[in-house]
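Read the single chain below, which is given as structure tokens and is the form predicted on its own.
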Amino acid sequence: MGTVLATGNQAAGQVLAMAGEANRSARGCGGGAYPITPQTEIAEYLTGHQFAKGSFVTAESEHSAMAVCIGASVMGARSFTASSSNGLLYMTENVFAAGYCRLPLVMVVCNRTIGPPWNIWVDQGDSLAMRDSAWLQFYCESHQDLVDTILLSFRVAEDERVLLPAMVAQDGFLISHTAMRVDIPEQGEVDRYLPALRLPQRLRPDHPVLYGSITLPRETENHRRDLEAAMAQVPIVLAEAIDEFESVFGRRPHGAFSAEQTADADAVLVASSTMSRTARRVVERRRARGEKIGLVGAKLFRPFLRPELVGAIGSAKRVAVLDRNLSPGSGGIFWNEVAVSLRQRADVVLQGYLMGLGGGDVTDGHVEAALDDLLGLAESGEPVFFPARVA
């Protein structure tokens, strides 16, 4: 298809459809869709697309939309959908069911603030509320990153060493509704990259199995161990998927964490999604002034690869985490993960900054001010709202 001007939702819909078409020689594709701002265009695209082998159902709710995806997946079809905010919360029961049944679904989440009070702008609280649901979680910083990560997520989720569903998060409106030039691959390239799905546990009339039957404590514990073991395989599979991506598409997407100018950094910013782009400009400007500042872009949140994060931060003694989310009573959710990862680094001053909640602007000035605050700290502190009070 080549380079086109597309919104995040348009690009996501096209690439999801191509991934579905790539399974036409096997069990095809299918799923359920339900509209919610700001992901509605994805649902419209998928339900309007004429698949060679498969179809999408317009369900009566998000809960039912995920139920349709589960049904398609257990039959061996490649299944995917999209959701956002309270719609994703309404889907929660079946989100957990898909994860615990080890079904390699892919869902694009347009991050939007959870209500009430009602707010349609970006906040990561919706997808991060699903962090214990046994889904992989990827956070995208640009339109191209979104396209590439959707394809990566299918490749990793469907690998027999993993077999777990994946969420691919884009910032609502900041990516979903803005248009940028994006390289959309050809269908033949997607066919090469995504092999036919062969789901080991799919329902077969010649080999009946039970899904969701009652188990005793020992079986449940073993099940949870299996989930953890599958998560432990993700870094290996992701690295292979990135190598193959570069071979097929000619560009190399970021891995779990992208370390930029951290080798000699005294202070490092950790950011995700579009905040990474803002932080990158600040880092480049500070570097031009001779300051040793680095950036770690956080792409993969589940599993959270703690050794990789520590390696990306390097020897920096000051770390700021920028969170566009809040776990009430616990601070920023990325900050919590970074704090656990750095528990052996008593020499690090770690500070969390809660900014852009509910879709508020995160400008270069905000990031500059947070960095100045970090550089002036003598010790780590609890996460703070930044700026301290929004007028």
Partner chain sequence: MNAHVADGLLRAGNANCAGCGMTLGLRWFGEALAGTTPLLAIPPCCATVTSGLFPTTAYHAPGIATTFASSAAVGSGMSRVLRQNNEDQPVVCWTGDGGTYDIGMATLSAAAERNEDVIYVCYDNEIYGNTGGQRSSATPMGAKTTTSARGKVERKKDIMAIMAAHRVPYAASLSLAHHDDFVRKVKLALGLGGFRFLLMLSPCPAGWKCQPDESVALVRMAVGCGIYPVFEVFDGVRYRVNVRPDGTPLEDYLARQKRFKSEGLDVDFLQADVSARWTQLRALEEASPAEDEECATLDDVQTPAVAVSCEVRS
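Numbering follows the first chain given and starts at 1. Nothing here was measured: the structure is a model prediction, and the numbers come from that model.
From this point on, the text means the form predicted together with its partner chain, which you will not see here.
Partner contact region in the predicted complex: 87-95, out of 87-95, 179-187, 159-167, 134-142, criterion any non-hydrogen atom within 4.5 Å of its partner chain. Although the partner is absent here, Ser64 lies within 4.5 Å of its partner chain in the predicted complex, judged by heavy atoms. Proximity of Ala229 to its partner chain in the predicted complex: non-hydrogen atoms within 4.5 Å are absent; the residue sits far from the partner. With a 4.5 Å cutoff on heavy atoms, Gly125 does not count as touching its partner chain in the predicted complex; it lies far away.
By the criterion of a heavy atom within 4.5 Å, Glu44 is excluded from the residues contacting its partner chain in the predicted complex. Checking Ala59, Leu342, Val349, Leu354 against its partner chain in the predicted complex, a heavy atom within 4.5 Å turns up for just one residue: Ala59. Proximity to its partner chain in the predicted complex, defined as a heavy atom within 4.5 Å, singles out one entry of Arg285, Arg198, Arg204, Lys317, which is Arg204. Residues of 49-85 that come within 4.5 Å of its partner chain in the predicted complex, judged by any heavy atom, are Lys53, Gly54, Ser55, Phe56, Val57, Thr58, Ala59, Glu60, His63, Ser64, Ala67, Val68, Ile70, Gly71, Ala72, Val74, Met75, Ala77 in sequence order.
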